[in-house]
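For reference, the chain that follows is the form predicted alone, supplied as structure tokens.
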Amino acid sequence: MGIQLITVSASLLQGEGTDEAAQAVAHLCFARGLPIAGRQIIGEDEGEVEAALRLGLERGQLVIVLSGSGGSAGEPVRRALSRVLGLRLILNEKILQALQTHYARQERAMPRRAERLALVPQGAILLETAEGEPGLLLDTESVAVALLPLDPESAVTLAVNQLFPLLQERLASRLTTLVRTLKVVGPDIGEVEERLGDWLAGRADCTVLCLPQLGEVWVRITVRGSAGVAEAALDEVEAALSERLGQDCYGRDQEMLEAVVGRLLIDRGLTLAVAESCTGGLLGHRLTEVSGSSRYFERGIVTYSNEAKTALLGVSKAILTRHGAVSAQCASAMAKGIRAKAKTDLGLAVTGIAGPDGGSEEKPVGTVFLALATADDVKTERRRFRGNRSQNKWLSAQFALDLLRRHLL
């Protein structure tokens, strides 16, 4: 069953914004063995919407439409859908009540024209969450059409918690293709391929590919078969590959390295502070992008100049004079300094030369020193990256997080 995915957004056609909701929904479908067979981005003209719906329904059994919740986007979609499927528009009391509540909170009378936003095709199932925009599902004998909001968080929540469970019987009746991605940090793609060896040769019902990413290697497993058989086979292959990859495999699918580190810190009841130089705050940013990071992340300090390293972290002038700001000794002093200042269990530091200028024969551009301070010890690492400035900053933060992850393991 190929999915037809339609995004209704005039701004996207004009090159404004990003199609985050469609990307997130496509990933959810792909992970469930539902490939995206067709993709359309259209404006909010009702004729365009109707044409896109007819094309999608001709080509697939499941059409997912992402659009605004009302007004210029949501209204033409529902009207066009009702014509395409030959259904009347009826008033949905739940949506009407939600609209009335919305206007009442603003201490405004609801305009009569706003009632049209509560009109839905007859037989539509309302998809709701505690917070966020609602969606709709029309499930007929031959096709299913889902309307999801353009807000990525709402779209994902509705798809996972309501849309896919409601379509479970329809989806379970076909052969499936399941995909899982194992994420590896540390070894390069050549080493990962060497470890996996015979798995890369390919089998009738399973393929394994290694894909290079910035600072990572992704091992993508694709298994084909009936729903129950494919799920069991996927788990079996994942277990076998994970054993070969060992601790270099930090997670799978949508998991991010910073989120994995955060869970480990919570599990061990440890707190963290970071001191950064060449990354300019990127390390702290990635750590705090994780919801709930306040449970373990105490503070981050960007000490770009030598003076800041001395004043804020207590790095001695002797270290800076003798070894330089880009050195194992400086990184070690930064990690110990931030740990002492923040009174945390761990202190993580990074200092280096992001480029494109500032390198030397002894310390070329891309040279980075990482340090992790604990109550008993300080561990340092020297790395050499060969990307551009932005890539070197990302890689510096990436391997600082990995240094922390391996310590926590």
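Heads up, when I say rigid core I mean the largest set of C-alphas that superpose within 1.5 Å between the two forms. Start at 1 with the first residue shown and count on from there. From a predicted model like this one, the values you see are computed outputs, not experimental measurements.
The same protein also exists as the form predicted in complex with a further copy of the same chain; that form is not shown, yet it is the one meant from here on.
- Between 326 to 334, 239 to 247, 121 to 129, 274 to 282, the stretch whose residues reach within 4.5 angstroms of a further copy of the same chain in the predicted complex through a non-hydrogen atom is 274 to 282.
- Mapping the unseen interface onto this chain, residue 211 counts among the residues with a heavy atom inside 4.5 Å of a further copy of the same chain in the predicted complex.
- At least one heavy atom of residue 48 is located within 4.5 Å of a further copy of the same chain in the predicted complex.
- Of the heavy atoms in residue 92, none are within 4.5 Å of a further copy of the same chain in the predicted complex.
- Though the partner is left out of this view, residue 186 does not reach within 4.5 Å of a further copy of the same chain in the predicted complex, counting heavy atoms only.
- Listed residues 176, 181, 157, 82 were compared with a further copy of the same chain in the predicted complex; 181 is the one with a heavy atom within 4.5 Å.
- Scanning 217, 117, 320, 301 against a further copy of the same chain in the predicted complex with a 4.5 Å heavy atom cut-off leaves one residue, 301.
- Contacts to a further copy of the same chain in the predicted complex (heavy atom within 4.5 Å) from stretch 324 to 346: none.
- Residue displacement note: residue 103 has its CA displaced by at least 2 Å between the shown form and the other one (rigid core superposed).
- Positional change of residue 370 between the shown form and the other one stays under 2 Å at the C-alpha, relative to the superposed core.
- Residue displacement note: residue 404 has its CA displaced by under 2 Å between the shown form and the other one (rigid core superposed).
- A shift of at least 3 angstroms pushes the Cα atoms of residue 154 and residue 250 further from each other in the predicted complex than in the displayed structure.
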